[in-house]
Each structure stands twice: as structure tokens, then as C-alpha cells.
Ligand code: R5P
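In C-alpha cells, the next block holds one chain alone, the form predicted alone.
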């Protein structure tokens, strides 16, 4: 592994260190800071010529700053003659803007893909994209990992009785079906609609039987917690005995933590693709994605199958 180098931006250095601990290599040395005029400076502090470089940075808050910092890092590695540059993006922001669903709006997820490629990325490694078709926005290889097995294993160990997996909306039904298969549980689907461009949703119906069961809701991310709160209240109103919620990306913006605290949800299980801004409290459980990212990096570096990684999991 002498030619493998893993570097991190400032967005989530704790995750990057956990990944390099898994790989049993040191985290690459790099200097990243902002001048007083808010311009970002990057200097790579070790030789990367012809090396296999992986750069880790989730596009979390402050989103635009972290994206710009990452682009500057990619450019630095490209100009330092790195052999191959893999952009490791545990959380891909702007993924909701993946199509023109209104007149005169951008497709920002595609724009971001183009910019990453222009900055120097030779391939992308990410986790649970909001829209799988975003892989097709890139003209470079994209490996999309999933946190489903990590979340599923956690609930298997809890040995929850009479579970039902609930997709928080129709768009995430396939992911929820996969989770239901992992837990050997039935599937239910929440039918809801988003109200304009506001971060608000309206629950219309529950498709499937949840009465007398322990519901486990699944989503790719939890943002303000409004949809989570509505979903949990609806399930309790339909007779669910307990409600657990899980997602890969804990965005947790605005009043999310307060909504979780006041909600009847029993537990919210997330992974650490995004650093939590504050103490999540007793209702939130955080599972590490670092071993999954580390193993994927090892397989990409050594030319092994990343897909086989999931075939080996339950």
C-alpha cells in the first residue's frame, strides 16, 4: 500500500482518521485554511506524484464552502501530478436538484458533477445518493456504497419483535424493500407530497398494515425533521406500537433536534457520513461508516470488486 494516499478536507476529519485507522496508514499531510478575505489556501505537504490519491470530504454545512474547498484540493492534487484522484464524497449535496421539475430551474447535481470532473477527479466514491441516476451525470467511474447493511445489522441485533419497514415516500420504496429483505419484515409505504419549495411535506396515506407492529422508517437523509415528525405521528395514529427511524445522512438542520426530542419516535439511527453539529441526545444513535469506506478504498486501490463487498454482507 505504499502508493495509497488518503487526505481529508476540513469538513469531517474525524471520519477520515477513522478510515485511515481501518486501512492502517497515516492520514495524508495537507494544509488547508482561509485567509482573512475568505479565500481558501491549500498546500499538499508530501509527495503525491504518481500516487493513488483518495480525498475525503462530505458536502455538509457550510455546503458551498466545503464544496469550494474540495474543488481547490482536487486542483492541487491534479497540478501535483497525482496518478489517480478519487473524490470520496460520503454525502453529495444538491442531489435533490437532479431534474427540471419546474420551469427555468437548474440541474445543480449535474453541474456539480461537471465541476468535480473539471477540477481533477478521476473517479467518485459516494454513499446513498438521493437519486441513483446522478451516477449517470458523471463521465468518470462512480462507485455508490450503501449504509443499508450497517443500519440493518443494527436492527437485527436489537431483535425487534413484529417489525414492519416503512418507506417515508414512494421514491425510496426500493431502498425500503431491500431493508425489509434484510430484516425479513413486511413493507409499508407513506404517500406524501412536498409543498412547493418549502421544507414541508403533507402525508396523504399509508399503504400497508402497521397496526400492532413496530415500525422502522427509512430514508436516505433527515434534514429539518418535519417529514420525520409527520411520519411518526401518522404511524402512531394508525396503531403502530413503537416507531424507530433510520437514515444514512444526518443533515439535522434547523429545528431537527428539537423535533426529534418532542416526537414519539423511540430511536433515530444514522451513520456518520456527516458530522453532527452538537450532542445528538439519547434518542439518536450514530453508526460508523468508516469501515465500509475503508474497505471500498482498499478494493479500488487493489483492483478488487466493490460490488462483491455487498454480496458478502447479509
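Residue numbers count along the first chain shown, from 1. Predicted model only: the values in this text are computed from it and were never measured.
Just so you know, the form predicted together with the ligand exists too; it's not on screen, but the next bit is about it.
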For the three residues 96, 192 and 227, verify that every one has a non-hydrogen atom within 4.5 Å of the ligand in the predicted bound form; reply yes or no. yes
For the chain shown here without its partner, which stretch in 115-123, 135-143, 238-246, 216-224 has non-hydrogen atoms within 4.5 angstroms of the ligand in the predicted bound form? 216-224
In the predicted bound form, does residue 110 have a heavy atom within 4.5 Å of the ligand? no
Heavy atoms within 4.5 Å of the ligand in the predicted bound form: does residue 178 have any? no
Would you give me the residues of 111-133 that have any heavy atom within 4.5 Å of the ligand in the predicted bound form, in order from first to last? 130
